[in-house]
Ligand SMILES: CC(C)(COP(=O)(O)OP(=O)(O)OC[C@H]1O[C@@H](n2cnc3c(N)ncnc32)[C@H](O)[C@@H]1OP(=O)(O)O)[C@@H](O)C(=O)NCCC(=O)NCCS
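Here you get one chain, nothing else, as C-alpha cells; it is the form predicted on its own.
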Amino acid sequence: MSIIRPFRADDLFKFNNINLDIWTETYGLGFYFNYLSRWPDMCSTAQHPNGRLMGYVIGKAEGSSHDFHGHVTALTVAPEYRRLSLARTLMNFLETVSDEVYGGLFVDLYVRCTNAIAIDLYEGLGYSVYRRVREYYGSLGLGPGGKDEEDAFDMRKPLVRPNGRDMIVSAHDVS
C-alpha cells in the first residue's frame, strides 16, 4: 500500500534511499526547488504508510500557447519497492496533469539507450522512440576525452494525435 501525494521541499532530505541507484540522475537542490516552485502540480511522490518515500516523478510543462507537452525529468522507484506498479501510477499521474491541466499534446522523456528495463517499462506504458540523441549524457567523464558519450532515446507518448500522424516506433528500429 502507498500514498500518492504532492512532492514537498522537505522530501529532498528523505529520498536518498531512492536516489542511490545507478540509473537515477541526481540534481542539486536548486534544480529541485526550481521544479517545485514552477511546476508543483507535475511533482509527485509515493510514500509508504510508515512515512518512507518509495518513489517520485518530477516533470514540467514545455511549449507555448497551444503547443504544450509534458516532460518527465525524473522518475525513480527505490529498489525495494519496484515491481509494485508505482512507476506506472506515477507516470499516469504526470500524464493526466499534462493532459487535463496543460492541454498537452504528448509527454516526452529521455532514457539511456542502455537502460533496457526502463525502455521496456516505457514501451509498456505506450511510449515510443521519437529519436536518438547522440551523446546526451555527458558528465561522468568515463568516455574518450573525459566524456561519457552515452546516447539517449527521446521517447514520447501522444495524448492526442496531432494531424492524425502516427508517432509510434519501437526502440529496436532506431539506430
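The first residue of the sequence shown is number 1, and the count goes up from there. Computed from a predicted model, the values in this text were never measured in an experiment.
The next section is about a form of this same protein that is not shown, the form predicted together with this ligand.
- Just one listed stretch, out of 108-116, 34-42, 127-135, 59-67, contacts this ligand in the model of the complex at the 4.5 Å heavy atom level, and that stretch is 108-116.
- Candidate site formed by 5, 53 and 92: none of these residues places a non-hydrogen atom within 4.5 angstroms of this ligand in the model of the complex.
- This ligand is not drawn, but in the model of the complex it has a heavy atom within 4.5 Å of residue 24.
- Although the partner is absent here, residue 86 is a contact residue: one of its heavy atoms lies within 4.5 angstroms of this ligand in the model of the complex.
- When contacts are judged by a 4.5 Å heavy atom cut-off, residue 97 does not count as touching this ligand in the model of the complex.
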